[in-house]
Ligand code: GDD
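Shown here is one chain on its own, the form predicted on its own, set out as structure tokens.
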């Protein structure tokens, strides 16, 4: 295996307001853009060339890749309009150099996992599959499409999200990583939106193609929501999730230039961005603080995300909140349980005690 396609074209609407300025895969997770964790894991599994399938804010990816040295050849393919998962894979085809029988790794831009990538590719080769899917068991599969397999690992169906207990025939779900034989990519319709989940995969089954699944019970997390985004960063900092881009793990990650007062506490796998400031007596617990942000004295930031350059005023409490880039929160505010503050917004001292959408 030498090539991969990383699907990073989504708008990340569930993570707004963080994604107003920055595409979701470029948001910092444990100190680096999430895309870096995925690229370096693919690199260490033997991938030497990767195509970034971009759409929303493609310029952000391009600027980063031009300056980054990730030890792998990175090519950018940009869609003029969103084409869906299958359409994005097909759009990347002209940038692939693989032969028609070669495996091409495909992975979603918002999944953090401990998958044995090289093992998935070996299975694909050994089984001579047309497509191999990474599957993972989840405790509650109702929020996901189900992928039942037979005893040999051959996929039997692609089922929509179950609405009743009787429809839950398996707890294994599509975990967002695949290996395609490149000739299968050639057959995806070009120039229009295509969903691999609803069109490509069911179509392959109908044709009698060999679609297999590999169930992996290791670490897996979809970073699509604020709570899971924070959890992914925390797990990387604490060493619960694997990434070559995290060179040391511990109670907290302080990036270069970060300043933490001697009596402040930064705990629970928190990440403090470059040139960010944590003031006297402040507590940052299981949170992500982006570059240049300020957590003033006596503030408490728990299980929350504070955007680049944002200011959290003295004594303000955040718990399960998302603060956009450059927002300023005055003294003594309290934002809990899903509260979101848009970029550049200003909250006066003590003006908010609870909000779900400030």
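Numbering follows the first chain given and starts at 1. Please read these numbers as outputs of a predicted model, since none were measured by experiment. By rigid core we mean the largest C-alpha set that fits within 1.5 Å across both forms.
What comes next is about the form predicted together with the ligand, which does not appear here.
In the model of the complex, the ligand sits within 4.5 Å of a heavy atom belonging to residue 160. Taking the partner from the other structure, the ligand in the model of the complex has no heavy atom within 4.5 Å of any heavy atom of residue 340. Contact check for residue 174: a heavy atom falls within 4.5 Å of the ligand in the model of the complex. In the model of the complex, no heavy atom of residue 285 sits within 4.5 Å of the ligand.
The stretch among 311-319, 297-305, 328-336, 47-55 whose residues place heavy atoms within 4.5 Å of the ligand in the model of the complex is 47-55. For the candidate set 109, 213, 273, 269, a heavy atom within 4.5 Å of the ligand in the model of the complex is found for exactly one residue, namely 109. With the partner removed from view, the residue among 104, 88, 278, 234 that has a non-hydrogen atom within 4.5 Å of the ligand in the model of the complex turns out to be 88. Residues of 197-216 placing a heavy atom within 4.5 Å of the ligand in the model of the complex: 197 alone.
A movement of the C-alpha atom of residue 82 falling short of 2 angstroms is seen between this form and the one not shown when the two forms are aligned on their rigid core.
Relative to the superposed rigid core, residue 142 undergoes a CA displacement of at least 2 Å between this form and the one not shown.
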